[in-house]
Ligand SMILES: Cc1cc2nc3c(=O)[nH]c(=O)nc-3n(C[C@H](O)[C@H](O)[C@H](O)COP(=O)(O)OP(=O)(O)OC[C@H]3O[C@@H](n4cnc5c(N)ncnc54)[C@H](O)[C@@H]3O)c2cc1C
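One chain comes next, on its own, written out as structure tokens in the form predicted alone.
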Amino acid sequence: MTQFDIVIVGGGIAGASLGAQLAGEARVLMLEMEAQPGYHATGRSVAFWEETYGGPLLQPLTTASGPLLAKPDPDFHDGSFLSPRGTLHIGRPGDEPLRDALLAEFARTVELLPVNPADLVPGLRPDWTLGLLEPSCRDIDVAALHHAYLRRFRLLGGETWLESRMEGARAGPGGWRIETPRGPVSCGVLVNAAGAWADDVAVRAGVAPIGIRPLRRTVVQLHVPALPSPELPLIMDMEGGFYFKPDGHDRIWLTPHDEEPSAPCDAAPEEMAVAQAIARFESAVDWPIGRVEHKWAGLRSFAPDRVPVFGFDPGVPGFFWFAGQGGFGIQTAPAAALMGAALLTGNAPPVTVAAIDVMPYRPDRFR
């Protein structure tokens, strides 16, 4: 039986980022059930780094990740993972409480500038009169970030088994015995970084599930010939009904901000959600749509309180949760991986994340 110190279930951004932090200190295996890592949520993300996105409990992880994404170690990646974007939060009359709540929540941590949204978005419908500009928002090169983590993991000696679903796991006095299509493996620590399958992995390991729910998010790529500029900000409805951003000179990425409960699966877009996205887009701007070029869906997985779960399960020694990142796993990945590695190894956290309170993320809040 092959022996490892740590086995990570899941090769998306969660498993890859944590694995890249651990591989230099231990013998680590990453089990990925698909033919390529990041096939599900990571590979379908319209990711951006936005400090207000996810709320106040996510903001410390996002803020700490910013410098690590902007100026990574040259041995990790040559150049930045970020590019300029900015966010314009827009609202209509009656949305003043939403605007004021956003300002109050982030007044001390994030720059938010009241603006007239029509000055920034040519063709904005006249009923959108409220605006808050968040200049710090950046686009994230998701593929480059994920590949950099996988490359670092491999260079540090980490091993990846593709098309290798964890079929079962049993804890014993000497650690874990894990069943895979390539035969059994043993390890001291089993890491659950399985995204939408996190609760399923827990059950197969004999661990009580937490209640992590996959929610489907639909994305539509539109050809918009009259797009005023590819440099427009990410435009986000304060009510949470949509957001969209340019992707080149005549293309928009759009979502109706849907969160439909789903079983863990290879998610596909529903036509009703696509129609809803287009209707909400047309209610915001008067830009004619050329055609729908592409549509897809991904699963964003949330714990019951919508806060990530990082740490050892209090009831099962050696079972480590690294899941429930929702739609914020990419923008928080660098800081979350540093925090997760420190929690798992017992080492002091790096100065980058040392001031972040780990208590809101601990799994024992559900036990």
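Quick note: we count residues from 1 along the sequence shown, nothing fancier. This one's a predicted model, so the numbers in the text were calculated from it and none came from an experiment.
Missing here is the form predicted together with the named molecule; even so, the following discussion is about that form.
Q: Please pick, from Leu150, Met166, Ile235, Ile212, the one residue with any non-hydrogen atom lying within 4.5 angstroms of the named molecule in the model of the complex.
A: Checked against the cut-off, the match is Met166.
Q: Pick from Ala64, Leu299, Ala303, Leu29: which has a non-hydrogen atom within 4.5 Å of the named molecule in the model of the complex?
A: In short, Leu299.
Q: So which of 102 to 110, 190 to 198, 117 to 125, 279 to 287 is the stretch with heavy atoms within 4.5 Å of the named molecule in the model of the complex?
A: Only one stretch qualifies here: 190 to 198.
Q: So, in the model of the complex, is Pro37 in contact with the named molecule at a 4.5 angstroms heavy atom limit?
A: Answer yes; at least one heavy atom of Pro37 falls within 4.5 Å of the named molecule in the model of the complex.
Q: With heavy atoms only and a cut-off of 4.5 Å, decide whether Leu227 touches the named molecule in the model of the complex.
A: Contact with the named molecule, no.
Q: Using heavy atoms and a 4.5 Å limit, would one call Ile13 a contact residue for the named molecule in the model of the complex?
A: Residue-level check for Ile13: yes, a contact with the named molecule.
Q: So, in the model of the complex, is Phe320 in contact with the named molecule at a 4.5 angstroms heavy atom limit?
A: Flag for Phe320 set to no.
Q: Quick one: which residues from 322 to 349 get a non-hydrogen atom within 4.5 Å of the named molecule in the model of the complex?
A: Sequence-ordered list: Gln325, Gly326, Gly327, Phe328, Gly329, Ile330, Gln331.
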